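There is one chain below, alone, in structure tokens, taken in the form predicted alone.
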Amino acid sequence: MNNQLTWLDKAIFYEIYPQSFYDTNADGIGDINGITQKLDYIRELGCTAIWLNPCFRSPFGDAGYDVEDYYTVAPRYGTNEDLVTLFREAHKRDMHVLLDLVPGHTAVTHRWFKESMKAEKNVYTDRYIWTDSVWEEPRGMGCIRGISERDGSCAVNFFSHQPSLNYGFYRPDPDCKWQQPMDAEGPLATREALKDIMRFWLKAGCDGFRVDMAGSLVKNDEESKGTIALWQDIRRFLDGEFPGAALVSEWGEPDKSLVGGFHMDFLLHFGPSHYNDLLRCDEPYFSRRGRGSAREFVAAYRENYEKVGGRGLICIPSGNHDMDRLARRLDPAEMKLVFAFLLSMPGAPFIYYGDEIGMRYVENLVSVEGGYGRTGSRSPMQWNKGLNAGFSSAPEEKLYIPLDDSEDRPNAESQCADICSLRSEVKRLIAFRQKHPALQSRGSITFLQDGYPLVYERACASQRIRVVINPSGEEAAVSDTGGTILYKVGNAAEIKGDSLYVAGGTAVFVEA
């Protein structure tokens, strides 16, 4: 991929779960106009871009990841014009907006799927993956069947109401005549439909897409060669018509996604990244107990970093709508060190709404719209100490998800006024990153220690900064770390000779 977008060099993303962010019409559900009204809050924090979770028309069996109409904003969020206004107002503030694109499946209520269920052949017959007989299951995939006059079972990607769109099979099984190659008419039509959707929203003013399950589109594709080729074709289309469009993949294998044409790839909360060894396990590395380990994370990161050879960006989020909140296992002082880490790593950082104030995971909630155990991380944003924490003026029982009912729940207004708060520290760390090129997206990284403390060096042509993070409760000394302390988070740090002495619970940035 040769189309590097310069605005990504300093990008700091803020992920918004629209139904839980800010409600402007008192129906208990956040909306697009609420996001527009809060743009100044996001920009004041220092974030330069937004990732907006799915906002399209949907039956909401999976919180909008089951799309019924890719071209229409869900009425509960507002209108297409409201979304265009959000794009326009964000651009006025020199911010960018990425929409969440779900290319792998739709809702069962989508018009395409309804047409594909018909017995007579039509243009949508091969839009989804159907077997030839209702008695045959697609191997390795779940399915829905017995739902229509069409004889066959339809593959699903996850929930049973999410039929899998057909992009073809990289290696069709000759014993399964229904498995179509990637260049068959049906798979190619699906790919062109995806381009049309992207074309529509890019013309409307969005700046690109975060792509859900980007590595799963082509089936029987163990080495992802077919899926990479598909995305390379999408990239050529974008470079020809929308060269400024950014693509972020939910893939977790940057050596594949970045070759496929994505600008950025997430380290996922599942799989081999060991990212959550740091934040979400019984003994997180960032706990002051000092019983965790960053070793496997560092090894996995090094491996991915070397594989991509500096091409594209590997991104680490504070969390997202599928993960436990940071605050479920870490306290505000520990989270300050987490953000010192996140905001000093290469790639564009992503902050999940509310993580900047340490919003908690709300325990024991009944599942809402397919959230299940994830529901506790999707509770309404806590803006102030007022009615419904400032999220909505609706009666409490109408709220999309119940609020954290703790008397001491954090809120944005109080933390904005407190220079010692988590949010104030996050704001300072963002500003510090933006001031120093070595810490930004494309600065190189060299890990020097992977125990307590964690030590790595960020560098660019004009600057070298050593980052020393000691989450444990014990003081640590780091040799060969002389220079100037540029910034400190937490407790004490002192350079004596060529060694740095770092108190427990402290992060230090030293310029050589």
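Start at 1 and count along the sequence shown; that's the residue number. Every value quoted in this text rests on a predicted model; they were computed, and no experiment measured them.
The following text describes the form predicted in complex with beta-D-glucopyranose, which does not appear among the structures shown.
Proximity of Asp62 to beta-D-glucopyranose in the model of the complex: non-hydrogen atoms within 4.5 Å are present. Interface membership of His110, defined by any non-hydrogen atom within 4.5 Å of beta-D-glucopyranose in the model of the complex, is ruled out. Mapping the unseen interface onto this chain, Asp404 falls outside it, with no heavy atom inside 4.5 Å of beta-D-glucopyranose in the model of the complex. At a distance threshold of 4.5 angstroms between non-hydrogen atoms, His263 is out of contact with beta-D-glucopyranose in the model of the complex.
In plain terms, the part of the chain that comes close to beta-D-glucopyranose in the model of the complex, with a heavy atom within 4.5 Å, is 317-325 out of 302-310, 335-343, 380-388, 317-325. Taking a 4.5 Å heavy atom cutoff to beta-D-glucopyranose in the model of the complex, the contact residue among Lys118, Arg374, Arg93, Arg442 is Arg374. Note on the partner interface in the model of the complex: the residue among Asp221, Asp126, Asp212, Asp207 having a heavy atom within 4.5 angstroms of beta-D-glucopyranose is Asp212. Interface residues of 226-251, taken as those with a heavy atom within 4.5 Å of beta-D-glucopyranose in the model of the complex (partner not displayed), are limited to Glu250.
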